[in-house]
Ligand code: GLC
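Below, in structure tokens: the form predicted on its own, a single chain.
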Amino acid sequence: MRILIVSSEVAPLAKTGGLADVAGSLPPILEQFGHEMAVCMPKYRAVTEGGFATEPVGPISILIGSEPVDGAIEKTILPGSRVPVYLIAQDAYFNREGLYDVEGRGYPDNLARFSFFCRGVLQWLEKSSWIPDIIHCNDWQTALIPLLIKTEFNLYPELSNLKTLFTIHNLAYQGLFPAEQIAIAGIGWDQFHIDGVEFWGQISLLKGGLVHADYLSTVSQAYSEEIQTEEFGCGLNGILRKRAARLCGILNGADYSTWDPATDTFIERNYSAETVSQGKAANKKELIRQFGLSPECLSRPLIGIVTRLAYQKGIDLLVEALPDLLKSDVALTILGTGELNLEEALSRLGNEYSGSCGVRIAYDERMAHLIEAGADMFLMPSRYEPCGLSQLYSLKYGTIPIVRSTGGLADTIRDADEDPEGNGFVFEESSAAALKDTVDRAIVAFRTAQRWNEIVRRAMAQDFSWSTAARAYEKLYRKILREAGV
């Protein structure tokens, strides 16, 4: 099969979150399975600053509103593979500090930016001799592509038969814009209705993708079911229930070439399942030193948190529970950035409990790896979590996840107090009390060395490699083409 992955970010070229990891990890695996792969993304400043060499492919010119905007297609190779990455270049749109926003504020011309991106992809395909069997789109920034193929581009023989898969990585991010901007995207008013892109009087690009893609997927089975409910459906649950027969969940994989304690170059000492005790001890000592915690924390269970500091991630529950948690003789190291009120609240608590609670408001890849290697437990109290990758990394590092049962967390973590093959600790209720009770259960297990070692052994034996996810996508691609009679 020929498969084009279209994503607004691709690791390691440009990244803000898990979407980039998916778009960077999936294509090389599928290429190894014998498929012809290509990737499309915008050419951000991060690509240039990252030193990725590019070569010109050709010019493009896109009508944004009534004005033609010139750009170009450039090409590079996804590191560690032979997969070509086609970059949609337009400096006024993409040569910026951030991918989607700066200091938390979305760029006011994001509709123009990502309309140019989507139309640039299709214009490149019009001119290209390489036509994919399937275009795999990801999140709202690419959602115009399925809509355009089914409407405007249905007049182009080369593109009208293209099949699309649209993956929802987080339904809460919908690409909402004022209705009066519809001309910027080049969408006709005939698409502005309840079964089109209209959403409570606004344009929802995401909704256009949900309506027009041939198939939909999410990044875990549980999340595919949750988003069909009123609680998690973000107002789109009706459409998703209507399309339930063409909606499935495929759990993301973990990139073990980057996240493996045996080879990780960011940590103090490498280790395997056979040497986990010595490796953990060395990394824990270094982690405590880096965060300036009391040496007494070496003998306490150390909880690590690496996350976006947001209500979605349940960080307000952590703020509420933290003083009581610290009375349980635990230590915490917290790394992340996000909502200002949560950053400030955690910083205050870090200062107040500086001997046992380290807080670093930053994005720091090296420190994220050290936390995974040095912590005993990893806390993810998310209100919803489409997939989650940190719990997968934690299992590999023998850092026992404590999670709320939602989305991908529910699909991957089984409670060790309820399941003899359990690999973590799970709570149902989204509350500070439930969080605290579950941490206390984990502490009890930690204090019994033999039992804890068994849980660690089971965790490290788990395999969530990308090969499993890639096989599931391969099967779905074939199903899409089979139903289309290709």
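Model, not experiment: these values are computed from the prediction. Start at 1 with the first residue shown and count on from there.
Although it is not shown, the form predicted in complex with the named molecule is what the next lines describe.
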{"item": "Listed residue (252, 394, 164, 333) with a non-hydrogen atom within 4.5 angstroms of the named molecule in the predicted complex", "value": "252"}
{"item": "In the predicted complex, the residue from 315, 210, 137, 387 that sits within 4.5 Å of the named molecule by heavy atoms", "value": "387"}
{"item": "Which of 109-117, 228-236, 283-291, 169-177 lines the interface with the named molecule in the predicted complex (heavy atom within 4.5 Å)", "value": "169-177"}
{"item": "Contact of residue 308 with the named molecule in the predicted complex (heavy atom, 4.5 Å)", "value": "yes"}
{"item": "4.5 angstroms heavy atom contact with the named molecule in the predicted complex for residue 22", "value": "yes"}
{"item": "Non-hydrogen atom contact residue 206 with the named molecule in the predicted complex at 4.5 angstroms", "value": "no"}
{"item": "The named molecule contact in the predicted complex: residue 121, any heavy atom under 4.5 Å", "value": "no"}
{"item": "Interface residues of 210-244 toward the named molecule, as seen in the predicted complex [heavy atoms, 4.5 Å]", "value": "219"}
